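First, one chain by itself in structure tokens, the form predicted alone.
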Amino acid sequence: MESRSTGNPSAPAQDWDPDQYATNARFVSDLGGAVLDLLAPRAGERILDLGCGDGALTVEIKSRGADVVGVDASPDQIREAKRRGLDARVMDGHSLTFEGEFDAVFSNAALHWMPETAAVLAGVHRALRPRGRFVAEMGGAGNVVKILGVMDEVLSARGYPGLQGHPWHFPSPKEYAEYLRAAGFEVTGIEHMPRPTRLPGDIGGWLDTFCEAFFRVLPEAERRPARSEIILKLEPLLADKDGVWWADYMRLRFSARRTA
């Protein structure tokens, strides 16, 4: 799961603990089947998994007979991917170093962690062979809007702009299609859809796993109280009558081809 801050692309917005990620966020790869089917990897193809995390979906691509390389900015996640027997490399998605060697680039739930879209897409374009395809799913416009609203309220009440540490970019379909075309891609499909996502516990595990950048703006002594208040305020918004929590996800899924 690639992660860089919006203010400084060279500085991590999030540190990834593979065990914590497996406990609180395994749904990310578990729900990646639709975008994997859109990729439709074929035996013998060479495929790049951009923002591969611990390699759970990279393994699936490999199982279909493709020669796959996974890259991610997190050394800890790459270490886990290597334990799965994968060709996995630490690499910032803003600075891909490949030149015309892949039939396809795949990405799931990672591009919204890469704020400098033009740099990312230029690297993807370079990495692909002519007419190579780019298939991905990411957070789209409106993603986790309820969570962000409550976090902004709670942190701002403590004197810290709640979205100051916002590490994500959630574009609209029109916006991202324009980015793709400007980077030399033909957009072959793009859709924007709600996908309420069941969490394995309450929202606390999700906050711990994905929201480090937001809590960094607070003094350490204020972080746990703020977290508790956020959970309390989100419960009536995101927990159902049975006590099951759902994150208010909006996904952007697309397929594109390098035009030349």
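Note that residue numbering begins at 1 and tracks the sequence as displayed. Model, not experiment: these values are computed from the prediction.
Below, we turn to the form predicted in complex with a small molecule, even though it does not appear here.
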### Message
At 4.5 Å between heavy atoms, is residue 249 in contact with the small molecule in the predicted complex?
### Response
yes
### Task
Consider residue 173 of the chain shown here, and say whether it contacts the small molecule in the predicted complex, taking contact as heavy atoms within 4.5 Å.
no
### Query
According to a 4.5 angstroms non-hydrogen atom cut-off, is residue 74 in contact with the small molecule in the predicted complex?
no
### Task
Classify residue 185 as contacting or not contacting the small molecule in the predicted complex by the rule of any non-hydrogen atom within 4.5 angstroms, answering yes or no.
no
### Message
Within 4.5 Å, heavy atoms only, one stretch in 152-160, 82-90, 108-116, 95-103 touches the small molecule in the predicted complex. Which?
### Response
108-116
